[in-house]
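Coming up is one lone chain in structure tokens, specifically the form predicted on its own.
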């Protein structure tokens, strides 16, 4: 059995822990509910119990290298303090890393515990084993309830000055736009996230001009971005218009990122990324018009970049990277990207 590390994805709903070999093999995964209502000590206890069980099981035949913890929120990288997390109420200024280290103190072979932002470890996971495998300089933009982001430079997470780099969701797209929970107005996540899709649908329904959307909203208790996407692919013009607007704003965001960062690859992840066919044409149209860098480095057929990294597109990926093209593609690892990235970040640099 090879050496291994443990990755943890600590979400507001689910707590997932996995043992991963140094070569990227998923040895075992445990999924628990994040019982936030029972308090942070209860959640940390459950996490550490699972880490302890997995480490004891697999270190009999391999060395335990450490544990990486992906957490949603703002982290003080030096102290391991979680400063703020919208998904973990009551965890502000909580010393997560110290609490985990204290509970795991009885484990003889814990090399280290690394606390990291969840979007950052997702980016590292995709760079290590996913759509950007082998691409040293890349970024991930996650499209979920909000917008997350992570940047990998030279194969390592880029944190910025104090660990807050990659806040793509709070790039301003409309100076006097919709108010954002961060206190700004017109942030990207107000226009290119699952929440934005639902908001635009509700606005169309309120106008009285979108009967199909109104019917879906009244009959579907879980009416959301997926429901609206289903209408779009069925040809509903109001739903299609929403995704065209979504793609336009996402293209504006990516144009800014490409112009500033000039990376080899941008990977689009999160739940909304699967609606690629509904938003990608408008996204690429905006990219060509707004980014001088992208216009100079765009692949011949960017709409097929969602295939790159899969078996049928592997040769195209290699060719594009050799020619130094800007590749925009969909994530491959899904919700496991954070687990793999968290396990990877725990491995000491060689």
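Positions refer to the first chain, counted from 1. A quick note: this is a predicted structure, and the numbers were derived from the prediction, not measured.
One more form of this protein, predicted in complex with a further copy of the same chain, exists but is not displayed; see below.
Q.
Based on heavy atom distances of 4.5 Å or less, which listed stretch (25 to 33, 293 to 301, 40 to 48, 61 to 69) is in contact with a further copy of the same chain in the model of the complex?
A. Looking at the partner contacts, the answer comes out as 293 to 301.
Q: Using the partner position in the model of the complex, report whether residue 175 sits within 4.5 Å of a further copy of the same chain, counting heavy atoms only.
A: Output for residue 175 is yes: heavy atoms within 4.5 Å of a further copy of the same chain.
Q. Does a further copy of the same chain get within 4.5 angstroms of any non-hydrogen atom of residue 324 in the model of the complex?
A. So residue 324 counts as contacting a further copy of the same chain.
Q.
Even though the partner isn't displayed, in the model of the complex is residue 163 close enough to a further copy of the same chain, meaning a heavy atom within 4.5 Å?
A. Contact with a further copy of the same chain, yes.
Q: Tell me, yes or no, whether residue 260 is in contact with a further copy of the same chain in the model of the complex, where a contact means a heavy atom of each within 4.5 Å.
A: Contact with a further copy of the same chain, yes.
Q) Exactly one of 112, 159, 238, 133 has a non-hydrogen atom within 4.5 Å of a further copy of the same chain in the model of the complex; which residue is it? A) Exactly one listed residue reaches within 4.5 Å, namely 159.
Q) Taking a further copy of the same chain in the model of the complex as the reference, which of 274, 87, 227, 137 has a non-hydrogen atom within 4.5 Å? A) Looking at 274, 87, 227, 137 one by one, just 137 meets the 4.5 Å heavy-atom criterion.
Q) In sequence order, which positions of 123 to 156 have a non-hydrogen atom within 4.5 Å of a further copy of the same chain in the model of the complex? A) Residues within 4.5 Å: 137, 151, 153.
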